[in-house]
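First, one chain by itself in structure tokens, the form predicted alone.
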């Protein structure tokens, strides 16, 4: 049963989503008012009716819901790209990750859930971004993230790391620091919007004992499925960024 202060995802008849904490309050939508306290004692999958008679489905939110609906300042790595980090590095429960370029904390949140009860150390030089990221992680995270107001270009404090994840303008400047911080078999990952950043990163990677070096991108094409005609959607998610991986040996 759903209790007070639990988080729920409400989905209206149009498919619009609302992420909220269950408290004693009235929530206003253009499909009517909802008494959120009525959700207490209900179960996920039940429906709550607005004063206009519209049914809202009650769903248990997951990490992807949190990432899409959290407060954002700089552009974030989208989940379609972020999942490639798990698929290509194999990070899992109990691992330790160093991240640089915290931004709003979207990637931080995914890493936090993936390695819990392991630890994530997140570096950024922008105090405003770290403040927003900390609020997001406090709201939705697992309590295993340590934020560091520090320039990772100057070095990495942690050792025996399983993954160093970079979303920075000049990721090549961290390659050497990452090599020193990683355990044998650990990965360094870089997300870059421009190919010039990839070239610099790959050139620096070649100076160290890294293997399994590869660069990929994720292109998503969704389909419209209709009774009398199925075709690719006119609009698609094309290039977002290049993802480069390398493994310390």
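What you see is a predicted model; the values in this text were computed from it and never measured. Positions refer to the first chain, counted from 1.
There is another form of the same protein, the form predicted together with another copy of the chain; it is not shown, and what comes next is about it.
The closest non-hydrogen atom of residue 41 lies beyond 4.5 Å of another copy of the chain in the predicted bound form. Using a 4.5 angstroms threshold between heavy atoms, residue 185 counts as touching another copy of the chain in the predicted bound form.
Of the heavy atoms in residue 240, some are within 4.5 Å of another copy of the chain in the predicted bound form.
Looking at residue 125, you'd find every heavy atom of it more than 4.5 angstroms from another copy of the chain in the predicted bound form.
No residue in the set 20, 76 and 145 has a non-hydrogen atom no more than 4.5 Å from another copy of the chain in the predicted bound form. Only one listed stretch (99-107, 82-90, 126-134, 148-156) carries heavy atoms within 4.5 Å of another copy of the chain in the predicted bound form, and that stretch is 82-90. Along 208-232, residues 212, 214, 215, 216, 217, 218, 219, 220, 221, 222, 223, 225, 226, 227, 228, 229, 230, 231, 232 each place a heavy atom within 4.5 Å of another copy of the chain in the predicted bound form.
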